[in-house]
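You are given structure tokens for the same protein chain in two forms, set apart as structure 1 and structure 2.
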Structure 1
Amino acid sequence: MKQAPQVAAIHDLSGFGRCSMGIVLPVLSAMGNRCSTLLTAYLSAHTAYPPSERSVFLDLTDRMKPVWNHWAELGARFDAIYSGFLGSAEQIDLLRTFLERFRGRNTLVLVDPVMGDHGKPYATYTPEMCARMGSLAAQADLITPNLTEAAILLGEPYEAAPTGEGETETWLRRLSMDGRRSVVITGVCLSPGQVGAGCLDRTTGRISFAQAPEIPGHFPGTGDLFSSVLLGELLRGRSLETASARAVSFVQSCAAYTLQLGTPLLDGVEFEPLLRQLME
């Protein structure tokens, strides 16, 4: 019998709406992993909902180190460290300390450089946070930016985002820091009506693409769903190419199912009824 892989999941928890830890935890658990959760912030609802004076944003920066000091005392070790939405600029630097402390020789460090979507940074992300995210991402074994985040990391305007295989390959290579880290760019469209991901695997140097029919509508949280499924598949020993193709296919199935149900787009995708598919 084999112990479940251990994942340190470092994300916010949004109380209402599907994203971040509310997706990471069920997906990675369904895929047979044990998660230790380090919360970066607690929000009443994710930031894609209309702004409200009643919204709650609890910045947990000063609780993070005490939490992991306790983990160290308990002998915590991780097969993967997976970070996403971060609540403050200081937090991004703190995470570098976390990596120094908990990264083992075989720990896979996945930094999803969550900063924005559709050409715009999220409401809580300042330019300073975006700059610091770049230096955190430089420590990762694997990053999973969408096109907006890829543009921010490269210092390019969103309008310069790649449209075909060749251009995407150029961005993948630039983001790989001379092949030192693996990269998956999401939201890549190679032909009209299709969308998916492009990836560069640093272990083989191979570039590959996975595409699926595009579902109309922007659903929040699909980036978190993609990266969580990707990580779950990698922890099962699958290659980056296979993991990426499975993640594209799962996100597409959830979006198609949601569209059929006709639930509000801002509530994200109905992944819960399909979680079973990830179990095998």
Structure 2
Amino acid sequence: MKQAPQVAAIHDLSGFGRCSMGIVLPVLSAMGNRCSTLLTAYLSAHTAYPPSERSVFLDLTDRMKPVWNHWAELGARFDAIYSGFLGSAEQIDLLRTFLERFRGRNTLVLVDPVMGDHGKPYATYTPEMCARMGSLAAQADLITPNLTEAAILLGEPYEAAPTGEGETETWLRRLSMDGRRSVVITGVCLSPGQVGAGCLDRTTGRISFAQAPEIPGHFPGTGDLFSSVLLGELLRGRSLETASARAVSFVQSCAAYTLQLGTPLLDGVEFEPLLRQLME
């Protein structure tokens, strides 16, 4: 029997609300992978909820290296390394060290360069952190920025974000570093009422697009959901084009289901009842 792919998932964990590790772990597990979780922080609730003096934020930066040192002692080997939100310049540098320690010849490194949305960097992301994230992303085999993050990585104003296939292709090629890494840009809208992703596969050089009907509303955690499904499909041996289309379709289905149920949008998408769709 074939052993399950081993994934190192490096994310924060929110106790309330669906995002980050609360999505990554169940999705990748449902898709047949074994996840080793390296937590960057624990939050009482994800940051899309209104701030409160009772909010809890436990920074785990000083625990990251001891955790992976124990992993090394246990002989950990990974088929994929997947990182999401990193809360400080120090954590970004730590992840670069982690890659030096655990990246094997065939390890797929996916960096989701979580830095901002809706045209602006997150409040915690300084220009220095954005630059360091760019350096980290340069070491990835695959990056999955949204349009805001793509603009930051390219040093372009968000107002210059592409609106058609031709412009998106240009950004994809620039982000690929002359074809050295694969790229998926999320939040791409090619026609009214549609949204999805554009991707460049470094193996084939092929550019493709996947679109689905846009569901009204902002759903926290959909970027984490997209990247998790994308990685799960790649670890099954699917092409980047097929994996991207599957991820677009699943995120759209979860958003539509959430809207149908009337779940508060801040709680995130209701993906759990639909996980069976991701199982082979």
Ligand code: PXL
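Here, rigid core means the biggest group of C-alpha atoms that superpose within 1.5 Å across both forms. Residue numbering: structure 1 sequence, from 1. Only residues modelled in both forms are compared. Keep in mind the model is a prediction, meaning the values are calculated, not measured.
Structure 1 is taken from the form predicted in complex with this ligand, while structure 2 is not. Every Cα shifting by 2 Å or more, across three or more consecutive residues, marks a moved region; comparing between structures 1 and 2 on the rigid core, the sole such region is 120-128.
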